[in-house]
Each structure stands twice: as C-alpha cells, then as structure tokens.
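Presented as structure tokens, the chain that follows is alone, the form predicted alone.
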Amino acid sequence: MSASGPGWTPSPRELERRDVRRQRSRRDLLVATVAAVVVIGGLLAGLLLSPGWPTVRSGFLSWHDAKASFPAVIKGFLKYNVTGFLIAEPFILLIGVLVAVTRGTTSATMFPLRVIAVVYTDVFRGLPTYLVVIVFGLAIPGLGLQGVTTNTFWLGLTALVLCYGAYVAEVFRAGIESIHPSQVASADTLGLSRGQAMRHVVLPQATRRVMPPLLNDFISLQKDTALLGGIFVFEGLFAAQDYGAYNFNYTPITVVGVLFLCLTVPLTRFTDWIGRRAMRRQFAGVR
C-alpha cells in the first residue's frame, strides 16, 4: 500500500518524527533570520556611523549626479561593454575549440600547428589581459600597417578575444581529455573517422562537462570589457570616470557598477543552475 494512499494513516511514531522535523525547521529558520539581521545590521551600522560616511555618500551616492551621468554611462555600457561581449563570445568559442582540438591531435603532420597552439596558449594566458589590450590598442596603430584598422574598440576587442580564447581552449582541452577512450573506440567500431568521432561523440560530451567553467569565463569577460577604457574607448566605466573628472563626483562609478551587476548576477545564478543540473544528472540513481 502506498504511504500516501487513501487507506494509510501515519503511525504515532511517524507523527512524532514529523513534529520534530517541523520544530527543527522553525528553529533553523529563526536562527538564520537572527544571524542575517545581526550580521547585515552590524555591517550597515558600521558603514553609516563611520566618520567619513557623509563625504562618501555625497561623492559616490548623489542622486543628482546619478541622473545627470546616466545617459552617457548607459550609452557607453550598451554600445561597447554589452556589444563587445556579444561580438567576442562566438569568436572565443571558435578559437577555444580549434586550439583544444589541435593540441589533442597526434598526427606528425600536425606537429607545427600543435607547437603554435601551445605557444599561443602559453603567451596569452601568461600575460595580463590589460597589458595585451594596451599593446593592441596603442602599439599596433603605430605600426602604420596597410589594411589593419586603427579603431581602438576593434583592436581592444581582438586582444580580449585572443586572451580569453587561450583560457577557453584549456577549458575545452580538459573536457576533451575527460572523455573515456572507449568512447572514441566505439566511434571507430561504428566506422566514424577521427574527425567525425570528435565532432559527433567527443565534443558534445566535453562541452556539457565544461559548461559551468565556460560560463564563468564569459561572466569574467563581461567585466573585462571595462579594460577597453584603458585605450580610451568610451565604454561605461570610462564614461563614468570622465564625468567624475569634470564634476569631482564619482557617483557614475556606482551607476556603472549596478549595471554590471544587473548582467553578471543573473548569469552567475544561471551558471549555478547549470552546475546543479549537471550534478543531478551525473549522480542520478546514486541516492
């Protein structure tokens, strides 16, 4: 008979267990609420009662300056930060997959490409992203190369693509190497070539396994689009700094911080959800 069937009634012991669980839940909720109020209240009290709070409030939380600077900040944020992120992401994925697959090859004819892939990964992972952005944005236009753009936005975006492509390549490589060799052997048995096995068997599984770290990299990329301000691109943060330099008020920095949070927090929660779903699928039936 089912425990939830119409003819079933819980035993006194089961009723006692339920009562204990309810009491424990109420107690945990009360403790969590009190702890949150004490910690958050203490932090707020420490902030609001600090000697310099009035100065900080007028310098970073001015409603008048927030409204005055918002048009320029949101324009730079949407035009360069969000657009740059959306443009860069597919190219980063493409570079990451190509480099990871190249490093996983064993053919002797692919040796030069493997060397290039290793050098590329080592160099662009080893250099600070800001340094690469500065070099691309300021040094390359100075070369006067024919056919190469001098637009600092595109040059800075290229630097971000190359830096993040190296990180993502390593993420993909870890995913590819996590696939058991029997999967490739099974594909060989079915008559698939190495390329077809990689495309239809290995890469789909590897991509699912590395989805959470991939999304983390893209959250980081969203924040690092602010580095374009170092080569005088009027993205959101640079526009906020420009307003602050002219008006001696840094409230626009708070505004652009809120805009970044509006993008990154939902992406972070989505990444957490993807990770939990992958965990549930991996350990399905274990409990």
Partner chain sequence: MRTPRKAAVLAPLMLLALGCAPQASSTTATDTTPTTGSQTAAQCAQGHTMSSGKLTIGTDSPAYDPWFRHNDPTNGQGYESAVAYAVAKQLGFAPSAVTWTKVPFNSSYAPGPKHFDFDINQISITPARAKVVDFSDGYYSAAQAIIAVKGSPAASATSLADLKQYKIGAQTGTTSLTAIRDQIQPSSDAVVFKNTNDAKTALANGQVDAIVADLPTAFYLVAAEIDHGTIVGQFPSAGAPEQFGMLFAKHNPLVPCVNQALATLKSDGSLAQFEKKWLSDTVNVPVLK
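Numbering follows the first chain given and starts at 1. All figures in this text were calculated on a predicted structure; none of them were measured in a lab.
What follows is about the form predicted in complex with the partner chain, which we do not show.
- Proximity to the partner chain in the model of the complex, taken as a non-hydrogen atom within 4.5 angstroms, holds for one residue of G96, G175, G84, G137, which is G137.
- Note on contacts: among T105, T207, T152, T129, the single residue with a heavy atom within 4.5 Å of the partner chain in the model of the complex is T152.
- The partner chain is not drawn, but in the model of the complex it has a heavy atom within 4.5 Å of R27.
- Contact check for G147: every heavy atom lies farther than 4.5 Å from the partner chain in the model of the complex.
- Among heavy atoms of P141, some come within 4.5 Å of the partner chain in the model of the complex.
- Although the partner is absent from this view, V258 stays clear of the partner chain in the model of the complex, with no non-hydrogen atom inside 4.5 angstroms.
- Residues of 172-188 placing a heavy atom within 4.5 Å of the partner chain in the model of the complex: none.
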